[in-house]
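Below are two forms of the same protein chain, given as structure tokens: structure 1, then structure 2.
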Structure 1
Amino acid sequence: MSAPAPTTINIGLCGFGTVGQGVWKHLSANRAELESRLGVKLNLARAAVRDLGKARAVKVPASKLTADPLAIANDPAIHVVCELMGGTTLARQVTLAALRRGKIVVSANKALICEYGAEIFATAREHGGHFFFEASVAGGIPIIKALREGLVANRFPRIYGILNGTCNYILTQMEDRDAPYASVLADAKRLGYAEADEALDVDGWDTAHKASVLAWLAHGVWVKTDQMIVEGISRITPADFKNASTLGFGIKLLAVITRDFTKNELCVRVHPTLLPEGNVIANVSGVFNAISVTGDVVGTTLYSGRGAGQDATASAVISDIADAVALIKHGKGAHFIGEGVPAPRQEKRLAPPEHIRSRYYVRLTVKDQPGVLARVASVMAKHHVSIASVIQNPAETPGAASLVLTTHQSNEKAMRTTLKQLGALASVLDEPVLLRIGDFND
């Protein structure tokens, strides 16, 4: 006969930065209502911090603070361990230690899941632990619950969306203010929307980590970032927004996860994308995230909300804590679906570049002289890339012009080869800029 469920659930927080303090603050403020809903007492037992002497906005009794997160992971009295440290080294040690003791771990760490997800879930299964990670993708948007619970009847030919609020803020400001990337990035840092080292966000890696988590949930495959197309936003200019608007598009940094069920091929990519101005996600601005999920049963559903920040992420963490309490109390629940290994599915492979098809936007800075367009067109025709439209504008450099071409449907292999040869032309003065056109028809 199994032991009765505890009447008090002890919660330990490993990491007490912005998110950790948000979780402590909101759990404390809403404790009575949560306890009434869940039918147990919630005890914020301990929090691990880097600096015991640091002043914090959220006050915690000194007796509840420790500098050793592994002490929380290994404490037999702690039922739920919230890993909110970030990084992939100590965070991995803490997560595995807690799971080996059969605990429930709640995490907001998408980089950890992307890199070590297979190991984490295998450890949870072996030792009877559980791993919840709603806060790892899209902040306050409950996209993980949607995929593993509400949409469990579906297969997913396409999931795409904005998964990084920093990039969406920068792109929105560039478009609205007709301002260059560097200027807007500096403003974003000053306002706290971008980190001092912005590379993880603006080069697309944060979005790629989140895309990896979504691909696993939807298709049962761990796709590493080096198996994806990952491109950032740093080469986009105000002129690109003007050109896109002329063509009837906006520009967003998207994660795109597609599966061809006929070939059984999966593709995960992150890149700036031209979206038709009538597309709902094209009109999501500022620090907000938005995700479109197409299922073969339900059709297309849309999710939008704050994708980052203390409150949005804390909301998702507390949601997982509530699921953890339900699991401890009842031993099962819908929240458990998809937590471990997805159901066995037909073997699938990653789509080769020649099978990844799109229309494309190409911007070239070229010498302003006769015959340039003909030479560019000749290179494109050689690789069977068909030009759909041409826009020519003056460039900032004297004697140069900006040549913008859109293509009909082509593929990544053909475009890579085409861009390499275009960049080698004597009349092309700078590395070509390539954007994909998102014909998602939502």
Structure 2
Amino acid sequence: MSAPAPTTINIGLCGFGTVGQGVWKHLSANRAELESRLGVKLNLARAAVRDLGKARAVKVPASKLTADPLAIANDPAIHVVCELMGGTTLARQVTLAALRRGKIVVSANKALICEYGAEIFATAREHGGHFFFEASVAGGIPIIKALREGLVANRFPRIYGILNGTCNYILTQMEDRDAPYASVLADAKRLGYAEADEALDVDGWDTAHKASVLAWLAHGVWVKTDQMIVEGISRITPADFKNASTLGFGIKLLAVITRDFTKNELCVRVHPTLLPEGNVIANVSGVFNAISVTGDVVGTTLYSGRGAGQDATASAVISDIADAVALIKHGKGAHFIGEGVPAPRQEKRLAPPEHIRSRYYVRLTVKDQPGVLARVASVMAKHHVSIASVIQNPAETPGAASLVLTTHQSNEKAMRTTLKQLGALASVLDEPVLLRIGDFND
């Protein structure tokens, strides 16, 4: 006979920063209601930090703090280990140590999952541990549960959306207030949205890590960031918002995951995208994330909510803790996929650049001289890139002009070559800016 389930669940938090303190705060505040819903006592047993002397907004008895997260991972009394430190070195050690002891690990760490997901799930399978990761994608939106439970009947030709709260906050503030990039980024850090290394946010890597997690859930394949197109928001200027608006678009940093089931090709990409002003996701502002999931059975479904910050992320971590309790009490539950069971073997390959099609927005800073537009048009024609519209505005530099061209449908291969050759023209004064046009109506 197996041992009876414990009546008190001991929880260890490895990391007590923005997210860790949020989990402690909300779990403590709603403890009575949660315990009544779950039918167990919840004991926040220990928390690990780097600096034991740091002043913290959420107070914890000193006896519960440790500077050794591995001590929590290896503590036989702890049932659930929450890895909320970030990074991929110590976080990996802590996660694997806890899983090897058959524990349940709850993680918000998308960088770790993208890099080491295969190893983590294999270790969990081998040792009878479990790995839950609702907080790793889209903050408080239960998108992981939606994909692996609510939409389990489906195959997914397209998933796209805003997955980084920091970037959406920055883009919204730039558009609405013409606010300078640096001051908006500082606000995002103060509000607890940004990663410790903000380049992960603004250069698109954090979105790519999340896209990798969603692609794995939807398609059973680990796509690494070096197999994706990943472009961030740092070259977008207020002028791009004005040009986009003139053309009837907003600008969002999107992850786009598409699967062509006829060719069996998968494509995962992250880039700033012009979205039609009427598109719901084009109107999602601030720290909010939004994801459109198209399933072959259900059609298109849409999810929106706060994508970063202490409270939204704590909500997702606590929902995983609740799942962990259910698992401890009742045994394996409703997690059909995402528990490391490989999807049925089916050959899929990553789409080559010439199969990745889109319309494009190209911004060039050029010498304001006769013949320049003709030379630009000639390069585009050489690569069969057809121009759809042209806007010319004065540039900040005297004697220069800002030239914005939109194209008809082309592909990544043609556009890469075109851009390289445009950048090499003597009349083009700065590195060209390329944005994709997302013809998504739902």
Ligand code: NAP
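For clarity, every value in this text was computed on a predicted model and none was experimentally measured. Here the rigid core means the biggest group of C-alpha atoms that line up within 1.5 Å when the two forms are laid on top of each other. Numbering for residues begins at 1 and runs along the sequence of structure 1.
**Student:** Only one is the form predicted together with this ligand; which?
**Tutor:** That would be structure 2, which is the form predicted together with this ligand.
**Student:** Note yes or no: does the Cα of Arg359 move by 2 Å or more between structure 1 and structure 2 after the core is superposed?
**Tutor:** No, the C-alpha position differs by under 2 Å between structure 1 and structure 2.
**Student:** Would you say Tyr193 moves between structure 1 and structure 2, meaning its CA shifts by 2 Å or more once the core is fitted?
**Tutor:** Yes.
**Student:** Is Lys54 one of the residues whose C-alpha moves 2 Å or more between structure 1 and structure 2 after the core fit?
**Tutor:** Passes the 2 Å threshold, so yes.
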